[in-house]
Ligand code: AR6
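To begin, one chain is listed below as structure tokens, in the form predicted on its own.
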């Protein structure tokens, strides 16, 4: 069944928010502890419905892309700062970077000073990248360039930027309906050996119907981009329904909100917004920048993309 592009844009953004909100209450829990609370035999009930910094930053990426009909680093950084709500659970790296930018430092330089000058290889850039994957879904080279530039606002480590680019490209491939060829496309896209090896592991693990413990050991469930982006891609590829992929991703424990958000973004981009369970969407918060606003952003991003079809 052919799914229209607007539905895929909405599916990716709402899917990301849903995955984030579902995973947030069990963030940092072990696989066993998650299992003690959530049944694996039925649709999970969204108990809280409040999203975290993952979605707040994703909203900022979309807002800036729409406003500028493409990437503008200074504006995106300002948008992050304007939206910043400490109660959403920001990590220390992103918080530090945004504070320094607000104080007048260049958005291109601050993240390079974090973590003793090494920069962050966390998944904070990857978790928010879905709008970039949507806006540049038909141009892999520009997608990589913008994924790297948008990551640099908070994450300068190569593994952090490459992870964001890989997640963005997975979203792009999902928009294009390329589930069967996703791994081969990702292999060709990946330039970093760490991610090339993780993609090879995804292939092996899918072939053998691996256990959750194997997935955690081989792909990871942590906050590093290389221990979470591959897990989200695997979770999408393993199943044929939005809810099955997102539930599985969160059931692994660890950085559940982010892995849930990234899985939800890829899955939503592939299946469209109609595949996301209504029960989850109904429970998702709907305040000033809640689900209604996110849906509108998706439509505006779709319009902006059509205004600038080359994504340049």
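The structure presented is a predicted model; accordingly, all values stated were derived computationally and were not measured. Positions refer to the first chain, counted from 1.
Here the subject shifts to the form predicted in complex with this ligand, a form of this protein not shown in this document.
Undergrad: Whether residue 92 contacts this ligand in the model of the complex should be assessed with a 4.5 Å heavy atom distance threshold; does it?
TA: Yes, residue 92 sits close enough to this ligand in the model of the complex that at least one of its heavy atoms falls within 4.5 Å.
Undergrad: Quick one: is residue 231 in contact with this ligand in the model of the complex, heavy atoms, 4.5 Å cut-off?
TA: Close contact is absent here: in the model of the complex, residue 231 is far from this ligand, nothing within 4.5 Å, heavy atoms only.
Undergrad: Is there a non-hydrogen atom of residue 53 within 4.5 angstroms of a non-hydrogen atom of this ligand in the model of the complex?
TA: The answer is yes: residue 53 has a heavy atom within 4.5 Å of this ligand.
Undergrad: When the contact criterion is heavy atoms within 4.5 Å, does residue 115 count as touching this ligand in the model of the complex?
TA: Heavy-atom contact with this ligand at 4.5 Å: present for residue 115.
Undergrad: Tell me the stretch among 266-274, 64-72, 251-259, 282-290 that has any heavy atom within 4.5 angstroms of this ligand in the model of the complex.
TA: Stretch 251-259 is the one.
Undergrad: Considering non-hydrogen atoms and a 4.5 Å limit, which listed residue (223, 205, 190, 81) is close to this ligand in the model of the complex?
TA: It is 223.
Undergrad: By the heavy atom within 4.5 Å rule, which residue out of 123, 150, 235, 167 makes contact with this ligand in the model of the complex?
TA: For this set of options, the contacting one is 123.
Undergrad: Though the partner is not shown here, which residues of 227-254 have a heavy atom within 4.5 Å of this ligand in the model of the complex?
TA: Going through 227-254 in order - heavy atoms within 4.5 Å of this ligand in the model of the complex - there are no hits.
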